[in-house]
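Read the single chain below, which is given as structure tokens and is the form predicted alone.
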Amino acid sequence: MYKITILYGAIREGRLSIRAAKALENALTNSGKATVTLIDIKDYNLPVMEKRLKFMDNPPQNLVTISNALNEADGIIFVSPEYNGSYSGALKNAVDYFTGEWAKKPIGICAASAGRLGGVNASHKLQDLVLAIGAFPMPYKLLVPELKDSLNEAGEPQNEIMAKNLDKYVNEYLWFVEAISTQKKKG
């Protein structure tokens, strides 16, 4: 069983992209190959980052909790809505608190939007972010277009295309995590 941490990065009222995070949590859990920790950063009330966690003498417990979930994870997935052609500022703020937690981790990308393109611009920028933090971005991304029609509030796919894309993504992601984890264990 792989330990997967989903870092969900939207904090605004009325957010719909939480449906994508729930869909991934459900699909990964149902695969029987992963245990999942969903970190919804809205629950952590992170201020704008002024100092990285590793430089704090007495870090807040919420940062330690997130750090532990990231450190223990075999793989991570970033889930973000697309805002103004990019990913959520709240997600970027959360990412910036941490450094070593990302080292050589396989990171999957999921972007979502109310429109037809499913957050494609945000997904490209998230892959750049993953490279910048020293992790490995999975080439295949999960894009969730027309959120209201693609996933219900519980994260259940509402059409065959979404169900197929979610299934393919989870299979590709687990393969990616296994490949990198195997190499990391070899040293």
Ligand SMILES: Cc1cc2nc3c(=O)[nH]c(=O)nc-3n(C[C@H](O)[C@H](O)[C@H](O)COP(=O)(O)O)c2cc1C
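For every residue, the number given is its place in the sequence shown, counted from 1. Quick caveat, the model's predicted, so the values are computed rather than measured.
From this point on, the text means the form predicted in complex with the named molecule, which you will not see here.
Enquirer: Flag G85 as yes or no: does it have a non-hydrogen atom within 4.5 angstroms of any non-hydrogen atom of the named molecule in the predicted complex?
Expert: Yes.
Enquirer: May I ask you to check whether G75 falls inside a 4.5 Å heavy atom distance of the named molecule in the predicted complex?
Expert: Result no; G75 lies far from the named molecule in the predicted complex.
Enquirer: Counting only non-hydrogen atoms and a 4.5 angstroms cut-off, does A114 reach the named molecule in the predicted complex?
Expert: Flag for A114 set to yes.
Enquirer: Taking heavy atoms and a 4.5 Å cut-off, does P106 contact the named molecule in the predicted complex?
Expert: Output for P106 is no: heavy atoms all beyond 4.5 Å of the named molecule.
Enquirer: Counting non-hydrogen atoms within 4.5 angstroms of the named molecule in the predicted complex, say which of A21, L166, A10, V177 makes the cut.
Expert: Only one listed residue qualifies here, and that residue is A10.
Enquirer: Which of these residues, L147, M162, I39, L28, gets a heavy atom within 4.5 Å of the named molecule in the predicted complex?
Expert: When the named molecule is considered in the predicted complex, the option within 4.5 Å is L147.
Enquirer: Along 1 to 25, which positions have a non-hydrogen atom within 4.5 Å of the named molecule in the predicted complex?
Expert: Heavy-atom contacts within 4.5 Å come from Y8, A10, R12, G14, R15, L16, S17.
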